[in-house]
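The form predicted alone is given below as one chain in structure tokens.
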Amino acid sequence: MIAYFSDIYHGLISLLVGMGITFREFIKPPVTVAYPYETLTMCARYRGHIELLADDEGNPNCVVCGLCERACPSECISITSVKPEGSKKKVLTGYTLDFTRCSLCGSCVESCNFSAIAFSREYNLASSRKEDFHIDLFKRLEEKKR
């Protein structure tokens, strides 16, 4: 009989402790945001997908050396270029990123000696279509140029 009342007593104490914790958390301010209507400010070290950087005239800094493509462990970068007739240098014609395979390791950014790519600050890339994550960075740079 004593064990019965002891179990009831310990159960009530446990209930009161749990309700006390719940009440304390209830009166604290919320830590979440209403996402579609409010956005968080990203910290300075946030790493989004990579983006091409341009010079003062809006042309890409990329010299089509291919170091970023070779440094990528997940092989998500593909570069296309053309060597114009009579020119010594290649000209960048396409720089695509398969963001579904990218692990954001930063090997491509570290390997670039020409400051041609950097991490973007873009974080709102939600989509249900896989095609939306195959990003043509060269086209995006051209659109920014206009």
Partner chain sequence: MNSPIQLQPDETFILNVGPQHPATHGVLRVKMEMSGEYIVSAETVIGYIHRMHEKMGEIKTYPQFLMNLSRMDYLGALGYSHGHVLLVEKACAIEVPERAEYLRVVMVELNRIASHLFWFGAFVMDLGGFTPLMYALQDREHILDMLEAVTGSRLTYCYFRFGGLYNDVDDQFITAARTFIPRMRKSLKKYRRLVTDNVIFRKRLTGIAPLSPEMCRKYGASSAVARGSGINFDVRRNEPYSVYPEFDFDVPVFHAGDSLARYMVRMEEIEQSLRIVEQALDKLPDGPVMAAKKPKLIKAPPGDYYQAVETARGSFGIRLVSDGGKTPYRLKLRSPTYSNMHLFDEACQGMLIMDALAFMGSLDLVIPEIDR
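None of these values were measured; they are calculated from a predicted model. Residue numbers count along the first chain shown, from 1.
Although it is not shown, the form predicted together with the partner chain is what the next lines describe.
Which of Cys65, Met42, Val91, Val33 has a heavy atom within 4.5 Å of the partner chain in the model of the complex?
-> The option sitting close enough to the partner is Met42.
Residue contact check: Arg129 to the partner chain in the model of the complex, 4.5 Å heavy atom | No, Arg129 is distant from the partner.
Proximity of Asp7 to the partner chain in the model of the complex, heavy atoms at 4.5 Å = The answer is yes: Asp7 has a heavy atom within 4.5 Å of the partner chain.
Spell out, yes or no, whether the shortest heavy atom distance between Tyr46 and the partner chain in the model of the complex is within 4.5 Å.
-> Tyr46: yes, in contact with the partner chain in the model of the complex.
Is the gap between Asp55 and the partner chain in the model of the complex 4.5 Å or less for some heavy atom pair?
-> Flag for Asp55 set to no.
From first to last in sequence, which residues of 1-26 have any non-hydrogen atom within 4.5 angstroms of the partner chain in the model of the complex?
-> Going through 1-26 in order - heavy atoms within 4.5 Å of the partner chain in the model of the complex - the hits are Asp7, His10, Gly11, Ser14, Val17, Gly18, Ile21, Thr22, Arg24, Glu25.
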